[in-house]
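Only one chain is shown below, in structure tokens, and it's the form predicted on its own.
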């Protein structure tokens, strides 16, 4: 190969140089630092101090009941919130895709407006709506459904409701493109053969869009695993997810080595669960 042909071979790859550089500087380098710090030694005396070393002390603390409970509650919240978001979002998205273009556009604009709200605003709003003084329980008292106002936050149900509400717009946007591409003649053929609308939905629409449903569930599961504000504002300490535990160790207790080890462990658990979910989804599709 001549000297003049080598630069020509590199030219098509030049547009990828800048993203690769940014990925290396802002992801790979901090990730490598986090891996190294997770093995450092933290002296018993002094908050926020640690020494260069190589020990597995921080990783051995994962086997304590406290951290096992936090990782289990994190997986539980992520799985149930993703499931509820898909169960609510899929029928809504499918029937929305059957409407005319104008109602679809208006609904999508409203969904995008909801996405513009930060998690802090959403969590604070629901903490007010689920409170005793200014919450929706007062409306139920006015209707005669409750004897007196009740406070539903902090609590398990409040955290689950908040996570589901926050994930619902993402579920709709993920499933909307494939729902609009589903040929209406297929459902019309099922109706012509005598299937009811409900049977057509469960025996025709759901199997055909099952890969899209699984994709939305996996994305929402991974997204919810890192929830921070919602469980902290709407739940009690026993409902705090793993991201809050990492933040507490790094910022409040100043234990950066242990926080780095928690981050590594949390990432490994997330990747393992995602791989398991993808594999189960592929088996379901093949069957």
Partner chain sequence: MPGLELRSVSKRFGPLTAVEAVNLDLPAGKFISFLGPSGCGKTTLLRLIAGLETPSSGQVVLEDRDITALPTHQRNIGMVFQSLALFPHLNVWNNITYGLRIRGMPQADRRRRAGELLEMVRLPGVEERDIKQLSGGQRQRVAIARALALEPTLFLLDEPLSALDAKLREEMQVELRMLQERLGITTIIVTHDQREAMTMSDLVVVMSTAEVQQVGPPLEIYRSPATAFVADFIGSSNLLDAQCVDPSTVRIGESEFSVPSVPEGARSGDALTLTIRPEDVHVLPSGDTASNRLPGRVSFVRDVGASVELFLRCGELELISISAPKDRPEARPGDDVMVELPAESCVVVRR
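Residue numbers count along the first chain shown, from 1. As the structure is a computational prediction, the values presented were derived from the model and not from experiment.
Although not depicted, the form predicted together with the partner chain is the subject of the following passage.
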item: Contact residue in the predicted bound form, chosen from 141, 150, 83, 189 - any heavy atom within 4.5 Å of the partner chain; value: 189
item: 4.5 Å heavy atom contact, residue 195 to the partner chain in the predicted bound form; value: yes
item: Partner proximity in the predicted bound form: residue 212 to the partner chain, non-hydrogen atom cutoff 4.5 Å; value: no
item: Heavy atom of residue 217 within 4.5 Å of the partner chain in the predicted bound form; value: no
item: In the predicted bound form, residue 204 touching the partner chain (heavy atom, 4.5 Å); value: yes
